[in-house]
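Have a look below at one chain only, the form predicted alone, in structure tokens format.
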Amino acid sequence: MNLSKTLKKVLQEKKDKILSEWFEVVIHAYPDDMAYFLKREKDAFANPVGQNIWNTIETIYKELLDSFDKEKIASGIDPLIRTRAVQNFRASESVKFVFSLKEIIRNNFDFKDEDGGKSLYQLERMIDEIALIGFDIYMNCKEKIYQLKANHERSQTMKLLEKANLLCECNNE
């Protein structure tokens, strides 16, 4: 998938503005005090979630303009989606920020380019694919979390049964 040179040029020129607006949208998925902290704290060690957000949106934006390598996109989006899965965001809340890029781009530009909007359509399809990659990552994380919880519960139940001497060896023959 390739975007028109005109669209790429415009997106490159407006990169900082778009990323700043996108970051604002992403952090407002959190409570107000957390969003304030994510915006104000610039130290990556003190604010790893904020750093993950920046890294994710920069990776996505770079791949939209360059090669659109799905493996790079997946590895770039994974930390943020994984964090949101652990923070009990719903699937829709976890990937909603990807779709918000469409609106940000549309609000910043007048797309009356030479190809009659095909580039914009292409760009939006690419953004949709990124959201689907994020959705798959979210579902894999949730599945892993549930497996860990089930294993923990099974282990706790076995320990209780052993303490109560309620376990016996069964002969299956």
Partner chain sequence: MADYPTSKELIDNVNYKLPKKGWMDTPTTIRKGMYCYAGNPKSLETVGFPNARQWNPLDEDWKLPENWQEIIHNGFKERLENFRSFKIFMDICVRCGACADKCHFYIGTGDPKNMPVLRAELLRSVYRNDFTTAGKILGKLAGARKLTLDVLKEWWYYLFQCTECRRCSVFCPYGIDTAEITMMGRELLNLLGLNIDWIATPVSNCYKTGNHLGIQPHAFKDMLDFFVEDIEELTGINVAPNYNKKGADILFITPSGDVFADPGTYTCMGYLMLFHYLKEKYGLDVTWSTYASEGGNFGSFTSHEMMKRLNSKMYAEAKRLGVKWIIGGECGHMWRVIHQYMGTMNGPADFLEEPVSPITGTKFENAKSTKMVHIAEFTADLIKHGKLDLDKSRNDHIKLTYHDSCNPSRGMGLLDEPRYVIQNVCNHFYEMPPNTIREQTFCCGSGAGLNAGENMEQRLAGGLPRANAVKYVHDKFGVNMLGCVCAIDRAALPPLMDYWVPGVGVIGLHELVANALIFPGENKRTTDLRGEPLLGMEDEADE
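Please read these numbers as outputs of a predicted model, since none were measured by experiment. Residue numbers count along the first chain shown, from 1.
Keep in mind the form predicted together with the partner chain is missing from the figure; the text below concerns it.
Partner contact region in the predicted complex: 34-42, out of 34-42, 100-108, 62-70, 122-130, criterion any non-hydrogen atom within 4.5 Å of the partner chain.
When contacts are judged by a 4.5 Å heavy atom cut-off, K14 does not count as touching the partner chain in the predicted complex. The partner chain in the predicted complex comes within 4.5 Å of no heavy atom belonging to A74. At the 4.5 Å threshold, heavy atoms of K9 stay clear of the partner chain in the predicted complex, well away from it. The partner chain in the predicted complex is approached by V86, whose closest heavy atom lies within 4.5 angstroms of it.
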